[in-house]
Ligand SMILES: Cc1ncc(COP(=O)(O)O)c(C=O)c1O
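First, one chain by itself in structure tokens, the form predicted alone.
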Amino acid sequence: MDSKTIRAKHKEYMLPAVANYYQEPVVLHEGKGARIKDLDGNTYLDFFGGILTVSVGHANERVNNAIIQQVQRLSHVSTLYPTVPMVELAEKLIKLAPGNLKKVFFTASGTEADETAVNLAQVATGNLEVIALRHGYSGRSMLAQSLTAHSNYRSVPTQVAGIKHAMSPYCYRCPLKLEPSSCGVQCARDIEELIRTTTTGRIAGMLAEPIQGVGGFIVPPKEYLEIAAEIVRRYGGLMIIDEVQTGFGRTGKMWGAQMSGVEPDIMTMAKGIANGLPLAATLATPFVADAFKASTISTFGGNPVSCAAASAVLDEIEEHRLVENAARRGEELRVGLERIQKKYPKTIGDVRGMGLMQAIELVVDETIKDRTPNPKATLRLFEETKKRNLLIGKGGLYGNTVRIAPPLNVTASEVEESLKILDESFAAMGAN
């Protein structure tokens, strides 16, 4: 079948809510490294990687070989049976994890990992209420939608009770209209007021992304998580750090939480863990893990094939020093994006991110401090970059933030190529 046929069948058979990028969606067919090809033979530079999931490149040979060998040996059992791939991966994760995280539970998605984390926190503390962040995203289950603070991702008005949303550390659009240089991180300090006025005064914990992914790669002030953690723990809660998007070297450090120095009580991870295979993990301290007495299983969690892939991903990251590569290439990407921002100061309101997790926010006219979101410009940029064979991502509550996240093994020349295309695309759309 050709791309036109696939697009027609997608429209006929998939839920209408399953939206695609681009006016004429790209039907992807095969890939290698940072390159991916559509069904019509067009090759693109992939700088979004399945939403930060293809961490070590498409068709990575080490990962593919691990998958093939494991499929030929044993393709599936549930968590009711221990397996070599599951135990080996758990050991590797514990050795890499920050702080006193010593126990692992595997699931198949980031949504399940966050659900597991909240459940663990509630059981361990005996409290039920949970703090989440505005502009945060946790998945598509009912609890995950309740934790998510994006109206676009909430399908029904009735949500799970006991979720309270703190202000996002969105410095470019500060909810308190303060300047980062002098604000004293008031958005973090307001968490205490939130707890004392909207909860029973005792909470199970707080779920926070070190960088808010779907929110538009919102990077909090360095001290944000440290202040938040002190308040949360003072009111009986645990710190749940959501590394679903930031984990495994994406930010130029193995874990996004390393920016703050906060040691999580519970940590979740998914996406880049297995280079595209469905796998997620929730890590917890012994105190938290031991408190959970109920029976629990995961049919697909810890699947041998996914675990074998994840172990290969970790080996690839270590052997090729991909965390360091993410930091170096990320700095080159950031410098280039800031250079482009200077060429188009009206259109590009903000450039932010860490490592290979960079964003540009498009506005109506930043030069007169009009920060009105400009989602139309984002759509136009998408079409122009597509013409030039570059795939990028989109995010943010207002649909005006471009998310750029190439694989961890991206090269300097590929970064430079992407910057050239972005520059040409802004010029072509008449940006200024």
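These numbers were taken from a predicted model, which means no experiment stands behind them. Residue numbers run from 1 along the displayed sequence.
As for the form predicted together with this ligand, it is not shown, yet the points below apply to it.
S.K.: Ok, P221, G236, P98, G139: which has a heavy atom sitting within 4.5 Å of this ligand in the model of the complex?
M.R.: That would be G139.
S.K.: May I ask you to choose, among S168, Q341, S109, T199, the residue with a heavy atom within 4.5 Å of this ligand in the model of the complex?
M.R.: After the contact test, the surviving option is S109.
S.K.: Q245 near this ligand in the model of the complex, any heavy atom under 4.5 Å?
M.R.: It does: once this ligand is placed as it appears in the model of the complex, Q245 has a heavy atom within 4.5 Å of it.
S.K.: Is it the case that R329, even though its partner is missing from this view, gets within 4.5 Å of this ligand in the model of the complex, heavy atoms only?
M.R.: Contact check for R329: no, nothing within 4.5 Å of this ligand in the model of the complex.
S.K.: Can you tell me whether D265 touches this ligand? I mean in the model of the complex, with a 4.5 angstroms heavy atom cut-off.
M.R.: No, D265 is distant from the partner.
S.K.: Please determine whether L362 contacts this ligand in the model of the complex, using a 4.5 Å cut-off between heavy atoms.
M.R.: Output for L362 is no: heavy atoms all beyond 4.5 Å of this ligand.
S.K.: Where does this ligand sit in the model of the complex: which of 184-192, 291-299, 111-119, 222-230, heavy atoms within 4.5 Å?
M.R.: After filtering at 4.5 Å, what remains is 111-119.
S.K.: Give a yes or no on whether each residue among R334, I404 and E414 has a heavy atom within 4.5 Å of this ligand in the model of the complex.
M.R.: No residue of the spot touches this ligand in the model of the complex.
S.K.: Using the arrangement in the model of the complex, list in sequence order the residues of 268-297 with any heavy atom within 4.5 angstroms of this ligand.
M.R.: Just K271.
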